[in-house]
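One chain follows as structure tokens, the form predicted on its own.
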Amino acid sequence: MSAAALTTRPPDPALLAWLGQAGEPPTSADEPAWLAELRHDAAARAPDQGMPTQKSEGWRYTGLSALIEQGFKPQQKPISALQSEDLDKALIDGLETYRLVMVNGQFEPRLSQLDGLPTGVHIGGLAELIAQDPDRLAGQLGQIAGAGQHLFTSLNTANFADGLVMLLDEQVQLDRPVELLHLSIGLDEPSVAQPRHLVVLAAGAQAELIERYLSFDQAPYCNNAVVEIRLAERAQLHHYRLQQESPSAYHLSGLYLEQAAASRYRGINIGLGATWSRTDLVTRFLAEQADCGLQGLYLAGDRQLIDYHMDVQHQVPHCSSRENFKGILHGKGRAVFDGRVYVARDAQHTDAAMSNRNLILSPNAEVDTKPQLEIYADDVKCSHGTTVGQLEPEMLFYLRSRGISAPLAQRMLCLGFAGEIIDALGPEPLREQVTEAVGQRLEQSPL
């Protein structure tokens, strides 16, 4: 038996059902030929990729049985019941943005706010743009992610219905952030949404993007999202991603990033929700002097698994990357951090550092962490490290002795640990919202 057969098996019918009712991707007579071909190739590729098993290196600590057992099915009809007043509870006070709202994976223009975009900017729904200008995205959509890291990217490519398109011309600088708000509403049966997003910044363009995932009820559902980002020369993107879904949600997310010469990307990932979540972050440098920074904070409590995988590919010289992720685990929470920095033979003068630090609040919590360096060049500056620890009893005693309750003392110490990541969130209202969300979770977790 081959090694590939040991680490993958044919996809479960429950996963192939994500391709559509008959195991084929949805097609429309209005879709351009390039998109139909993209879908067809992905649908054909998915069974060959196989479903990862726990013998697969990248899935050793993340079983798929809980996801498969839900029997998620593709949503067939758009949600139209949500009204503008319903949106209020999802908005962050004081956060001024251009806003694109998706409900169960489909663009909802009634709830979005895209007025006043400057010249040289296109922000809108993917399905709408393809209908209006069928060949605008040919050669772009699907090219950055390619076959992806695993089966789930192919399932998304074959079956996505809608998503965000964000295109900036040369030297354009947005005056305020763009907010991509994913809202999920439970249906009569567990459903899967597969949004697809494309962000392309031309030379010298600059923008901030806030991507948020929220639930409107406790019904089970799954998001299987793919984000493709291409930064041209000297382009800069600050990208904040917040996953705050309900305890009944399942979350899959793949971000694929390509960076040209002297481009700069800053990504911050906050994982607080969902019962089961996995995020893949894949970066590829195309030319020299590109710089990528990836940071993250995750909280996992009872019945929660949060999994982050990174693959940073230094294929050219004189590029830099920094990865800094922190985790807080309580109850029976589980987390996985699997990060790889790859430095090719010709990628001399690479500067890369990866760090993962974890705080364990319960003896039943678990974290599996594996930062890796794979280096084939001989003139580089690279480092990696990981720590797993507990709150210092002396610090807790010091706070308690001054009349501070145990839950509040725990919150203060944990927020101090997490502050480095939270403080990097650009807009102040966003920082305040995340600080409050993290603080509430910590107060509710027992010491």
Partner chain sequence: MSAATEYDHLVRSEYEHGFVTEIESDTLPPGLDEQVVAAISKRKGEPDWMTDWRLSAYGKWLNMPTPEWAAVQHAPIDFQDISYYSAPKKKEGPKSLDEVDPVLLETYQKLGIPIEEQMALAGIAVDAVFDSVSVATTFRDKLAEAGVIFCSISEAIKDYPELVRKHLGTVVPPTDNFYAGLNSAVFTDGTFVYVPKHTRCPMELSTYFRINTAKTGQFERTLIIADEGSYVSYLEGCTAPQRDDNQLHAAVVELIALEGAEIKYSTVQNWYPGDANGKGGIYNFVTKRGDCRGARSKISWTQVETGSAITWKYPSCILRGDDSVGEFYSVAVTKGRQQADTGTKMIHLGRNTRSTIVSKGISAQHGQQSYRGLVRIAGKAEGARNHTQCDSLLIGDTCAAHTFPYIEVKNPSAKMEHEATTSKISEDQLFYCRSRGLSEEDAVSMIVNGFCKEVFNELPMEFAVEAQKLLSISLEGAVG
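Note that this is a predicted model, so its numbers are computed, not measured. Numbering follows the first chain given and starts at 1.
Just so you know, the form predicted in complex with its partner chain exists too; it's not on screen, but the next bit is about it.
By the criterion of a heavy atom within 4.5 Å, Gly139 is excluded from the residues contacting its partner chain in the predicted bound form. Using a 4.5 Å cutoff between non-hydrogen atoms, Val380 counts as a contact of its partner chain in the predicted bound form. Among heavy atoms of Glu366, some come within 4.5 Å of its partner chain in the predicted bound form. Mapping the unseen interface onto this chain, Glu69 falls outside it, with no heavy atom inside 4.5 Å of its partner chain in the predicted bound form.
Contact with its partner chain in the predicted bound form, judged as any non-hydrogen atom within 4.5 angstroms, is confined among 355-363, 86-94, 108-116, 284-292 to 355-363. Of the residues Ile375, Ala147, Ala131, Leu187, just one reaches its partner chain in the predicted bound form with a heavy atom at 4.5 Å or closer; this is Ile375. Proximity to its partner chain in the predicted bound form, taken as a non-hydrogen atom within 4.5 angstroms, holds for one residue of Gln348, Gln143, Gln315, Gln206, which is Gln348. Residues in 222-261 all lack a heavy atom within 4.5 Å of its partner chain in the predicted bound form.
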